[in-house]
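A single chain, nothing else alongside it, follows as structure tokens in the form predicted alone.
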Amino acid sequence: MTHLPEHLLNGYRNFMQGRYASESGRYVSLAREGQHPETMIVACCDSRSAPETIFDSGPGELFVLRNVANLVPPYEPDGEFHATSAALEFAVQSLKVKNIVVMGHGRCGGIKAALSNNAPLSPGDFIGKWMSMIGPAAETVASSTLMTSSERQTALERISIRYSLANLRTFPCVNILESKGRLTLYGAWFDISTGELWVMNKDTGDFERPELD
């Protein structure tokens, strides 16, 4: 009898024999000296869009926060429990990251639910409440008859990224550091089916394919 699913144990075995064996010194150093990532990624918890895989990053290189639909709530110091805000505060004030990337992705289930009149959970449930942050934008996009359903989904996925970037700037620690040039915010969107990465133009808000050598 095992206490973990067999596929996880097999994966761990491969990790120990492969990546850990080749990078054991790096892991020892990270354990001794702590983490010092320069970049924080706010991504969706969708299993198909792992930032560490997409950006081919090693241990200690990225500070990753994953939640439903990669949303960042506005700054609300109300004494309640705020996991996303707490992770953001830690990354900015303790780790002193230099970059924050909000990365959405295609075929996002949370965005699909926000656009649907038949959302899988009631508004009183956790996901319904969470996705209500982009409710007005979802209603506007859903009402468009000039786009197909897939076009509406992609549109809201990208709008939600801009929404989260705007909310990031409501946090005093983010706003102050960005104004001083010590923190830079980025938006990105990953297409699961093609592997394409689209990056938000800071001046226009448009999503563009980066040039790769």
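Computed from a predicted structure; not experimentally measured. Note that residue numbering begins at 1 and tracks the sequence as displayed.
Missing here is the form predicted in complex with another copy of the chain; even so, the following discussion is about that form.
Check your understanding: With a 4.5 Å heavy atom cut-off, would you call Thr140 a contact of another copy of the chain in the model of the complex?
Key -> Contact with another copy of the chain, yes.
Check your understanding: According to a 4.5 angstroms non-hydrogen atom cut-off, is Glu178 in contact with another copy of the chain in the model of the complex?
Key -> Judged by the heavy-atom cut-off of 4.5 Å, Glu178 is well away from another copy of the chain in the model of the complex.
Review point. Are any of the heavy atoms in Ser116 no more than 4.5 Å from a heavy atom of another copy of the chain in the model of the complex?
Key: Looking in the model of the complex, residue contacts with another copy of the chain do not include Ser116, since no heavy atom lies within 4.5 Å.
Review point. Is there any non-hydrogen atom of Val174 lying within 4.5 Å of another copy of the chain in the model of the complex?
Key: Val174: no contact with another copy of the chain in the model of the complex.
Review point. Can you tell me which residues in 3-30 come within 4.5 angstroms of another copy of the chain in the model of the complex, by heavy atoms?
Key: Those in contact are His3, Leu4, Pro5, His7, Leu8, Leu9, Gly11, Tyr12, Arg13, Asn14, Phe15, Met16, Arg19, Tyr20, Tyr27, Val28, Leu30.
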